[in-house]
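The data below hold one chain only, encoded as structure tokens and taken in the form predicted on its own.
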Amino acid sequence: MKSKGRDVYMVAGGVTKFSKASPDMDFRLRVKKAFDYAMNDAGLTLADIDGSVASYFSDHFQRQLMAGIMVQDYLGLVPKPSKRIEGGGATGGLAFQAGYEEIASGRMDAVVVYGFETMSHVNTWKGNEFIALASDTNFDYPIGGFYTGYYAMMAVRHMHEFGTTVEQMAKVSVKNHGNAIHNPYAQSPMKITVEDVRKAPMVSYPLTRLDVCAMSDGAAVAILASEDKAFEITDHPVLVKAIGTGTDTMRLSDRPFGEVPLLPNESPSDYKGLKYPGVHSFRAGRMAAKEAYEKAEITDPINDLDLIELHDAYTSSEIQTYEDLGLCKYGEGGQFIDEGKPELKGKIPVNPSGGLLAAGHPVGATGIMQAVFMFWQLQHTIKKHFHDDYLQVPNAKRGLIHSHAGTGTYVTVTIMEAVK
């Protein structure tokens, strides 16, 4: 019988402002700022911390091997235990789950999960090359060489298969950039229209510059604790209710057609004749959701969850993820945004922070940033941390964070729940 281990709680979080470049500080100071914010907010000292998990994607971007231990030293955490987690775009989500496992297993009572990335050391062309090294360099890389091309192909297939339109994708950009206007940590807040998105420079059809997230510098810190420790620290911890992780082949062409892994709110007749996953859907995302929902006893995601922070590196991937998470059926993601369901005041707010498109995407920090913003939402402390309560989701009790790597090779889903 599988054991879920001990209950795990999040007790504090901190984030630096994400930006295109922050040359005034290196990665150690950036993490220290987020770390100090979290520690001071919870009234913690170094003696309270048993160990850490370090999250960063690329040694190439960092121009430094073993950067994790340099941060560990700078934070004053040596000689306590630590390890580095790396898994492409899902690095932050995987690291958060590794921190969860340190507490659930009983190895630690309080663990710091810190994530960072410095992407401004190189120009956009070189950055795209580094990111594309997270595809199969013997197969995918020579025929594409940059990720927007891979996702453009998926978007075209989604349009062909389900009738999704470029205007529906643009609505995701309008929503997320608009939300970010009220997030002081966001890199690209702006009020834009569907027409603005479509008139932006084309990167790879059908994705324009405003359909794609930017590279960022940034850091984020989450502190997790056991139940006894959590309630010593704060009266308002947030329970990490369940985690789920899915994987898939590195190469899209190696993914065989099969049955859709069904969620409790679906039936086989929903997908009769659908060739799944094709290049229009992420099987790893579906598997991660399925595992997390089973553990959290979620049977109707759109009604059982109050908000979601998901990995929207592209507007098209947010629409694909609505479907993977079972917020709507496969093929209905375009209609879902047309109906306004993921808007801030909609049925289930998606990316109230602005997501990767607008908040930014310093890869190793991104999944942890999602956890921090979800923690503040479930604590109902958005006004305290943002100095503006516009983005606070009223009565938020249960939320989902979602992190995604490559063309869907690693995907994490984590369910967080208010205890008061």
Partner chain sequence: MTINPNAKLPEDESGTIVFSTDPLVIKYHYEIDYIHSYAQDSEFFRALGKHKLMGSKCKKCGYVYATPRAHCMMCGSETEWYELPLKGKVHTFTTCYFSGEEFLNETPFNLIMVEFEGVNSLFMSRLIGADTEDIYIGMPVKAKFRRNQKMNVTDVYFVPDVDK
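Note that the structure is predicted; figures quoted are calculated from it, not measured. Numbering follows the first chain given and starts at 1.
Same protein, other form: the form predicted in complex with its partner chain, not shown, and the subject of what follows.
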| property | result |
| --- | --- |
| Within 4.5 Å of its partner chain in the predicted bound form, all of Y141, L252 and F257 (non-hydrogen atom) | yes |
| Candidate stretches 196-204, 328-336, 262-270, 87-95 - the one whose heavy atoms come within 4.5 Å of its partner chain in the predicted bound form | 196-204 |
| F146 within 4.5 Å of its partner chain in the predicted bound form, heavy atoms | yes |
| Contact test in the predicted bound form: L305 vs its partner chain, heavy atoms, 4.5 Å | no |
| Close approach of V279 to its partner chain in the predicted bound form, 4.5 Å, heavy atom | yes |
| Interface membership of K83, its partner chain in the predicted bound form, 4.5 Å heavy atom rule | no |
| Among the candidates I298, A152, A170, A134, the residue which, in the predicted bound form, approaches its partner chain to within 4.5 Å (heavy atoms) | A152 |
| Of E101, E129, E343, E291, the one that lies within 4.5 Å of its partner chain in the predicted bound form (heavy atoms) | E129 |
